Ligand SMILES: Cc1cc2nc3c(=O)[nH]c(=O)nc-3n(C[C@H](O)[C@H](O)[C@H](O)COP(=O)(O)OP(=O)(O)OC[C@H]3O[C@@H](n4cnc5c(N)ncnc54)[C@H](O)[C@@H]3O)c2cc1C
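Quick heads-up: it's one chain on its own, the form predicted on its own, in structure tokens.
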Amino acid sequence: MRQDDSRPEGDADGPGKRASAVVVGGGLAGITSALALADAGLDVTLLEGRPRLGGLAFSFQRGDLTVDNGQHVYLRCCTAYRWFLDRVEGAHLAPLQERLDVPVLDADRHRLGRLRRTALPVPLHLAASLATYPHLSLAERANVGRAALALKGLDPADPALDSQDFGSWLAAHGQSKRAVEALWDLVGVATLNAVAGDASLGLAAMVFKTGLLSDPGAADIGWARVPLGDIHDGLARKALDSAGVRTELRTRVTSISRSKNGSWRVEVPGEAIEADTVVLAVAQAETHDLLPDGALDEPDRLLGIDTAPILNVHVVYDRKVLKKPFFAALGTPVQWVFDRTEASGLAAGQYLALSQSAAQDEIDAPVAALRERYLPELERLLPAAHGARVLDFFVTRERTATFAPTPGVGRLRPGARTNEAGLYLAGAWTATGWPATMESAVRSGITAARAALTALDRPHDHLFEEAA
């Protein structure tokens, strides 16, 4: 989209006045934008309606337990999120695996397989793992290799791929139902929040090309060993304070408009804040409601970006039932299970968190029904759970956890610039090229800040470059 150049940007109010910015939204996108703009010398105000920072990747207290709303992981290829961790001095709290190693348990066949890499170059780094992967037949493994090579040849940015679904492409390339379940959806559902048949081929190609077919270590997994709130709220707030950002929580923006002098006017209860630059870093529906008329050519497209839920099941046992830090599962409703005992502060027993993506069928199920469904499944997967006493069972529901990566969503995702000078968009749902991940959120924040600093003729070489 074009940017209206009718109003000059920069230190328009004179050489003695610093340029100012308001960032609306305190998730990862908003935090990133605020830090990047403040680091470039702008006076920045960050406004967040919730009582905390972190957006949809946060923690809360349940008695003595510190609970993450859901299990969030990142990969070595998530270089923007790694930049964020470094910027808030939290990288040591969310380390990466030395090498990709994912235990995969089959509940029906009672077999353990592993997806792990070697140091060999792509695609040989996964060859040994696939050759011995017990959840696929020899023929299925060979077909997976051929499909991976075909996938490597796709251009995720090709608009034609956005209109196709990944499931149909896999079927056309010889992938059996079992191969989709045991490999493609095992990875894809967790990263895309959709099964292959419901996912854009363009986004799926991006995930698999970047994560598995770009660099031997690209898919190495990292996750927080402390509550997410310690990083996304605590350390982020400390970094914002150090950068001079004014952070206002429990402060919801009611309108954004031009003031008579040409600056932006951001209204909150009891105050109107004027700024040269505004970054809207909130969800697509809220962005639609706050956008001034004419800011986007087709603003209703934002409402066409659907959302997808994630259900998280939390179980506290009176004893240790899982020795591994995490595993993925087949032949069961259970998808991924993580040991959150140490991070939660649990003094005795073990706390497991089940991350259930693409959970449309269960997101509103009663807790009692989910308990009846998942506790027997955990006993099928973990023999040590037989006889263990369940001390607590609860669920967290994120009904709008991500944007839905459906075919055609790519053409709906806007870029950072709007038709209005000084007004920018950020959020994992914007046109980052990535699915709705922490990486996408950080990239969007960097992209919005870079666009703003470019318009203000400010240097931005301190920013992560790959997000350009």
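Counting begins at 1, following the sequence as shown. This structure is a prediction, so every number in the text was calculated from the model and none was measured.
There is another form of this protein, the form predicted in complex with the named molecule, and it is not shown here; the text below is about that form.
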Task: Heavy atom contact within 4.5 Å of the named molecule in the predicted bound form, the stretch among 177-185, 160-168, 276-284, 210-218 - done: 276-284
Task: 4.5 Å heavy atom contact, Pro414 to the named molecule in the predicted bound form - done: no
Task: Residue contact check: Glu362 to the named molecule in the predicted bound form, 4.5 Å heavy atom - done: no
- [ ] Verify the contact flag for Pro405: yes if a non-hydrogen atom of it lies within 4.5 Å of a non-hydrogen atom of the named molecule in the predicted bound form, no if not.
- [x] no
TODO: Classify Leu290 as contacting or not contacting the named molecule in the predicted bound form by the rule of any non-hydrogen atom within 4.5 angstroms, answering yes or no.
DONE: yes
Open item on the list: Under a 4.5 angstroms heavy atom criterion, identify the one residue in Leu453, Ala19, Ile446, Val24 near the named molecule in the predicted bound form.
Closed with: Val24
Task: Among the candidates Val122, Val253, Val395, Ala385, the residue which, in the predicted bound form, approaches the named molecule to within 4.5 Å (heavy atoms) - done: Val253
- [ ] Residue by residue through 414-434, tell me which have a non-hydrogen atom within 4.5 angstroms of the named molecule in the predicted bound form.
- [x] Gly427, Ala428
